[in-house]
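Quick heads-up: it's one chain on its own, the form predicted on its own, in structure tokens.
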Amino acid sequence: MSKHNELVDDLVAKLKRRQLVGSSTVSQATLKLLIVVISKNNWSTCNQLVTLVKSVGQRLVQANPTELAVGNIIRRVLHVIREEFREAESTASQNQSEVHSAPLTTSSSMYNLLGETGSTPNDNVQYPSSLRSNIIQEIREIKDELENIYDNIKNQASLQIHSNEIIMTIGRSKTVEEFLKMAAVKRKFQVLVAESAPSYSGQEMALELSKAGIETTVIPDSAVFAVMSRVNKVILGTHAVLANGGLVAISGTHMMAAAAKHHSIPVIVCTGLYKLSPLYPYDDDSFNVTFNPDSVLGFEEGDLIEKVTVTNPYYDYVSPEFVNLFITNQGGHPPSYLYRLIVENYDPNDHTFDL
């Protein structure tokens, strides 16, 4: 177990020091660690394995609570574990009852949906030896899904973007970048990119889009409202999607979404389902992180800096009423449908990692 503890300690340290940042990067690292933990540790029951994974997840989430994708991946794996144990239990029960005739051999899908959700597998059942390999295979499929997530999202681009449209976005999002590049293969359109000061990641985004042959214009954040009336669609990336459909996205996103709503411009969010969190925004600031304010107000300002307190938040919280459509790796969904996706991907018992 010491070897696995070292791997957990190493990932915890990297998360605390922000050596690993970004939802995709931390998700891949978390899955890689969980495969090792599950395959190398001794466990024989569902409760033992769930407790093991929750203990690892608890440490990883506490290391950097703002990287919500870590908790999402842990919950997804826990859901897979519970489903595999339930399936093994069901198979074992059927084998034991084959000698008895049952008046009803099938149950309705509605009963399965409402009756089995959140139920705990019976640890007294003799599980097959292939259960460990089945769980690891399911986790590897999640890993493959993450690796192909850009392909599944960008293939929907031609359905959302039409010729001669003006698209607005902010900052740099790899998902939005791939989405727009794929649309440019069949469509000719113009993109306005807000520079997202003080990080100016929008300038990097504009450079990559222009290299792909897309007509791109960088605008200052202060000009977003002024030019919004000319825009046909706003396409945004996000750091996380909360249970109510709200976004945790790069600073400046709320301003752009509010301007779009004022002008009745549709707002589309491109995101993978691994960013969907079952948590609610009871405290908006709990999902935020502040960076060095030197880029906003430098220390060389002297007398002025002693008289003011400067905060440089990296994220915005965007309410769900500002979003019209989510483009995910499983298709397009309105914010009101997210509750269904949460039920399908996470178990109610795993919304918190209490042991």
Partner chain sequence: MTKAERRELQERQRAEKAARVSAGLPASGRRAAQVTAQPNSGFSPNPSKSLATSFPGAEAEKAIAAAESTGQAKRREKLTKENGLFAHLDPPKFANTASAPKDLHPAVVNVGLQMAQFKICGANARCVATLNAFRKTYLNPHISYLVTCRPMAVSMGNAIRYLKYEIGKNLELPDEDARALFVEKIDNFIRDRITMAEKVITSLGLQKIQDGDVILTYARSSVVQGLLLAAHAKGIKFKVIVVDSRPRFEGKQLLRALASAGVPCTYVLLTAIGHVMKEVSKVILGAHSLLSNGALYSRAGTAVVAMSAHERKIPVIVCCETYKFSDRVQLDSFVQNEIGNPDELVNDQHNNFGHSSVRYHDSVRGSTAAATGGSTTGGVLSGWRESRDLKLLNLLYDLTPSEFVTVVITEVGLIPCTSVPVILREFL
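Positions refer to the first chain, counted from 1. Remember, predicted model here, so these are calculated numbers, not experimental data.
The same protein also exists as the form predicted together with its partner chain; that form is not shown, yet it is the one meant from here on.
Among residues of the shown chain, residue 36 is not one whose heavy atoms approach its partner chain to within 4.5 Å in the predicted bound form. Contact annotation for residue 42: none of its heavy atoms lies within 4.5 Å of its partner chain in the predicted bound form.
Shown alone here, residue 313 lies within 4.5 Å of its partner chain in the predicted bound form, counting heavy atoms only. Its partner chain in the predicted bound form is not approached by residue 342, whose heavy atoms all lie more than 4.5 angstroms from it. Between the options 232, 199, 160, 152, the residue in contact with its partner chain in the predicted bound form by a heavy atom within 4.5 angstroms is 199. With the partner left out here, its partner chain still marks one of 265 to 273, 74 to 82, 133 to 141, 164 to 172 in the predicted bound form; by a 4.5 Å heavy atom cut-off that stretch is 164 to 172. Residues 203, 204, 206, 207, 210, 213, 214, 215, 216, 217, 218, 219, 220, 221, 222, 223, 225, 226, 227, 229 of 203 to 229 are found to place at least one heavy atom within 4.5 Å of its partner chain in the predicted bound form.
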